[in-house]
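This document opens with one chain alone, in structure tokens, the form predicted alone.
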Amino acid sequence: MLENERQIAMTMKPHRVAQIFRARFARTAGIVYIGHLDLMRTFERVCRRAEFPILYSQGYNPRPSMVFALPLGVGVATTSDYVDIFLEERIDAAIIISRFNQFCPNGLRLLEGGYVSSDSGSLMAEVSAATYHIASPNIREYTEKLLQRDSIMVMKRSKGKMKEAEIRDLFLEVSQEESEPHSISITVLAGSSRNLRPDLFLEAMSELEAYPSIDKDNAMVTRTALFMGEYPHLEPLSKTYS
């Protein structure tokens, strides 16, 4: 078959109504050091090994249909992230979770999940905020000093260029546990339009408050929650499935 004939054939496949399984997953241990594209490929391989009836995109180069809520940076762990997996048929949630975890690498696990309506909005579009737990020496002291500023300007890459950006208004909440003196939790705006990555926060402390580079670079970052809605009326994404 010629290349253009194959392309036409792929686009002429009959449309199928997707069964969208929304799963909450955790990523810890050594697998935190792979990039987002590699994480996507890992999910694809695990789903194939588990023999899930995955729907594929149409076109010349079909790909398994799945959407992640918010890409994870290299080195960032998570205990509560989300992915939509598009299936040809409905499978019991317990079976999906069990079979996925049977084939996934160490450090990656599905925790729970359920189905969302096929006409529901994009998972990525629903994300509005995220919470990060950051452990590093003296981070509380430096965070307090940073947030006393009326303006926090950082250099941020946008469309391939470095631009100055204001991040002070992206902070929503900062909390800390007395049992963990060298850690904080920050809740920040997140999503496709306004998003504060934890590395930008740490870089701002280093540049503006002289936070030691060795502590910045070795900070342990874990995303612990993703939310939808508007602050202060945030709800976890787990509210979207059943």
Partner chain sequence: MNENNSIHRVELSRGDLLSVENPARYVGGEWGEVIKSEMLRQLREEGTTSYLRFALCFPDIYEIAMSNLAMKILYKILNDIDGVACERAFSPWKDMDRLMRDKALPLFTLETRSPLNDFDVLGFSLQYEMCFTNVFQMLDLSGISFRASERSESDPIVVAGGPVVYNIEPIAEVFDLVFLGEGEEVLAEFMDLMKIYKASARTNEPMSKASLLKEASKLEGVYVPSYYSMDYNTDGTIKSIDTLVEWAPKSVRKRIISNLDCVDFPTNPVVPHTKIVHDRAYLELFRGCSRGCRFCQAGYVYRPVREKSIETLCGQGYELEAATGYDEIGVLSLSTSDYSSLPEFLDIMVEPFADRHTSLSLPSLRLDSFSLELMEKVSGTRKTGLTFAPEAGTQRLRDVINKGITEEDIMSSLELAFAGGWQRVKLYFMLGLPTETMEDVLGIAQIARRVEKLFFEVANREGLKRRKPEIVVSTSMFIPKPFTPFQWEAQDTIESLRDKQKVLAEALKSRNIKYSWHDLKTSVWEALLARGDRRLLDVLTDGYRQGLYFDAWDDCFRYEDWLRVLESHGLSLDFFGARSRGEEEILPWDHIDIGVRKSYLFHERAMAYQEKTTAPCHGGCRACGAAEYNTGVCHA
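Quick caveat, the model's predicted, so the values are computed rather than measured. Positions refer to the first chain, counted from 1.
One more form of this protein exists, namely the form predicted together with the partner chain; it is left out here, but the text below deals with it.
Contact check for Asp217: a heavy atom falls within 4.5 Å of the partner chain in the model of the complex.
Remark: Val74 counts among the residues lining the partner chain in the model of the complex, judged by a heavy atom distance of 4.5 Å or less. In the model of the complex, the partner chain sits within 4.5 Å of a heavy atom belonging to Pro62. By the criterion of a heavy atom within 4.5 Å, Ile34 is counted among the residues contacting the partner chain in the model of the complex.
Note that among 159-167, 121-129, 146-154, 101-109, the stretch whose heavy atoms approach the partner chain to within 4.5 Å in the model of the complex is 101-109.
At a distance of at most 4.5 angstroms from the partner chain in the model of the complex, all three residues Thr42, Arg49 and Val221 contribute at least one non-hydrogen atom.
The partner is absent here, but in the model of the complex a heavy atom of Asp38, alone among Glu207, Glu173, Glu180, Asp38, sits within 4.5 Å of the partner chain.
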